[in-house]
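Listed next as structure tokens is one chain, alone, in the form predicted on its own.
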């Protein structure tokens, strides 16, 4: 079901679900929002949910489960070893992905830990279409280095390219030629490149990357956490996929990948993760680490209730009416903000609506964390919590120097089947007001900076009294809303 053109001429996305359980929301006054963001060290991760009106921080672990998932959780086989619930999930992964082996983990970054420990050696390189924060951390901790031979269009925030997540084939081959195949730990493709706006790769590009991997005897590893969005975009934008079912596209992707891993907090709308492969040698090496880091081989750190929900959720991901919800509502936000002149990443990708902070607050130097400042300002103006995806999300180099991000983005995630169109319209309204008053926003500085994954629990402070000035202006224009 696509966007609906009603008699008024307005094109809007249509929810293909109805709520059965509701949860009360609370919109606290602007002065409390100002206090809350200061208490959180201007880090939206550290906000208390009691102060948050609309939570657009992430789509990880916060997507709504279906009635079928909830029902499945009631029949879970709660056995430490040999659980029938594990067999269900194992069979589901084998049927959907066509792989021989499945290893359960408690979430996606646990998969990255296992894969990196097995495949990454000191001095090796991992080419990827774009890195993710935890992926980079795990590869670096194991002595490897991430290199990004992405297409040039990937970092163009205002673009019409349908697959900005593609890998540049010439750059990839040149990288292999320069360092030698023995120095390449594996090649990684991320479905729905998270840090550059949830941009997809094409099936054609994945097939071409696989040819290069095969010629050089390299493993191709797929991060399928945002696979649902990538499947939607392939179906909608790629000619060879238009007449294929979602299940058929999924199998083609799987057949091109040597290892598939995913966070079920995204793919499957539950809380867990897993690694799928038909490579027995690699499977046996990874299998040894599951009991050490995760749990026994038939639960991997997950509750069996979650495993039941994942099995159903993966099946539901094969339904176009399910996977089109996120991209269509995100596209609505992007289109409406673009009409208002707000700089957004185009074309609309998956995961969420991404605001181009470097254009939005172009008066703030990148060293003063414009995306982080914009995230804090948006919370003050709306009570809605977004996530910084810019320099704060990077990590310093081995010499302690700041690593400036390629892009400075405010990500407004759209959890699946959670918020309504009126919530999105509210966020659009507040972003529009903020854009009109953007010169009031100032920079940030770290006052407490962890060495690894600092964006999770680092604390910052404003470089001036701009938060107070912004709140004052908000009260003058909009009262205490």
Ligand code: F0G
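Model, not experiment: these values are computed from the prediction. Positions refer to the first chain, counted from 1.
Not pictured, yet referred to below: the form predicted together with the named molecule.
S.K.: Have a look at 200, 268, 386, 108 for me and say which one sits with a heavy atom within 4.5 Å of the named molecule in the predicted complex.
M.R.: Residue within 4.5 Å of the partner: 108.
S.K.: Would you mind picking the one in 132, 329, 186, 299 that has a heavy atom within 4.5 Å of the named molecule in the predicted complex?
M.R.: So the residue touching the named molecule in the predicted complex, by this definition, is 132.
S.K.: With the partner left out of view, is residue 164 within 4.5 angstroms of the named molecule in the predicted complex by any non-hydrogen atom?
M.R.: No, no contact at 4.5 Å.
S.K.: Does residue 58 reach the named molecule in the predicted complex if we count a contact as any heavy atom within 4.5 Å?
M.R.: Residue-level check for residue 58: yes, a contact with the named molecule.
S.K.: At 4.5 Å between heavy atoms, is residue 194 in contact with the named molecule in the predicted complex?
M.R.: So residue 194 counts as contacting the named molecule.
S.K.: State yes or no: in the predicted complex, is some non-hydrogen atom of residue 409 no more than 4.5 angstroms from a non-hydrogen atom of the named molecule?
M.R.: Because no heavy atom of residue 409 falls inside 4.5 Å of the named molecule in the predicted complex, the answer is no.
S.K.: Heavy atoms within 4.5 Å of the named molecule in the predicted complex: which of the stretches 74-82, 260-268, 243-251, 391-399 has them?
M.R.: Among the listed stretches, the partner-contacting one is 260-268.
S.K.: Note that the named molecule is not shown here; using its position in the predicted complex, name the residues of 447-476 with a heavy atom within 4.5 Å of it, in sequence order.
M.R.: None of them.
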